[in-house]
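Given next, in structure tokens, is a single chain: the form predicted on its own.
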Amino acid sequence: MIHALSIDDFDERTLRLLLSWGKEYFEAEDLAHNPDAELLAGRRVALWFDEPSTRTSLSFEAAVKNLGGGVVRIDEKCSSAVKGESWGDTAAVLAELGCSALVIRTSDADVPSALAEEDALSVINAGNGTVEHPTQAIGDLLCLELSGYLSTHLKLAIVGDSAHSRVANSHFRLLPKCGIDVTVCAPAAWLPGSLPSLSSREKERIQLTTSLEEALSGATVAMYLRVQKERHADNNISLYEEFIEKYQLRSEHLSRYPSLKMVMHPGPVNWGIEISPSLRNSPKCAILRQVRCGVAMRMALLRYLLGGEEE
């Protein structure tokens, strides 16, 4: 049984394979009409989201249906987990109901791994607390690949609330592995307290700074992160105001830093906080492109996990 719990589950060969398949799906005239439209015919994938989600939830549903599979949605409030059902029993029941995989988003960081240990069905981590969001990261990687930036020496700036961001944690594992130099920028309180376990060479590719100028100077891509107020214990209004004043991306930054070619954000975007609304329709704004890349890459991941193909 293959699972997708962390970026660490994907070696270089697997990432290349997923990028190849993801590119194939992305470039199809219609994601729903692709050469693998019957790949998951007769298969079901369960979606269990106990935290809010629009992009990830709907993109997984679209990915399953684009490959001919069926979707089973679990209402966390109505599931037997609230009655104390074990994760092992939950996984066994889903498998018995004909589900081949479970896509789960949960505030409990340990749940995806606990479900995977049962080995009853493939488990895909769609976000576990503040720990990781691997499928968002590989979707973003496809966006970089399609823009031609993976073949160049890329400097990428991650700006925003990285201390509370599972997307950032997955990118800290992924981007250095791909040879990308990352500058992480935020007010000091929102910089990560620690980085994942990386090789010394990979750690050298990640720099932390409180200076937006340092982060954007020479950067090709700026990836902004959502300010996650729901994860802030202090709800420090002055810190939010400082972020808007000193770190918000505005049109003037695109003029001041000509090397900056693309703006990304995993969403949802707090327009007027992380990014000025004036950039919504900028040709450098790749946020909606990331959504399509997310569907294409999740199709590739499902093909890898459930398609029965050899690498």
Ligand code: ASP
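This is a predicted model, so every value here is computed, not measured. Numbers for residues come from their place in the sequence shown, where the first is 1.
Just so it is clear, the following notes concern the form predicted in complex with aspartic acid (ASP), a form of the same protein that is not shown.
Contact annotation: residue 205 falls outside 4.5 Å of aspartic acid (ASP) in the predicted bound form, judged by heavy atom distances. Interface residue remark: residue 209 is not counted as part of the site for aspartic acid (ASP) in the predicted bound form, having no heavy atom within 4.5 Å. A residue is said to contact a partner when one of its heavy atoms sits within 4.5 Å of a partner heavy atom; residue 232 fails this definition for aspartic acid (ASP) in the predicted bound form, lying far away. Although the partner is absent here, residue 228 is a contact residue: one of its heavy atoms lies within 4.5 angstroms of aspartic acid (ASP) in the predicted bound form. Candidate site formed by 105, 133 and 267: every one of these residues places a non-hydrogen atom within 4.5 angstroms of aspartic acid (ASP) in the predicted bound form. Contact with aspartic acid (ASP) in the predicted bound form, defined as a heavy atom within 4.5 Å, holds for exactly one of 94, 182, 167, 216, namely 167. Only one segment in the set 144 to 152, 173 to 181, 159 to 167, 110 to 118 has residues whose heavy atoms sit within 4.5 Å of aspartic acid (ASP) in the predicted bound form; it is 159 to 167. Heavy atoms closer than or equal to 4.5 Å to aspartic acid (ASP) in the predicted bound form belong, across 23 to 38, to no residue whatsoever.
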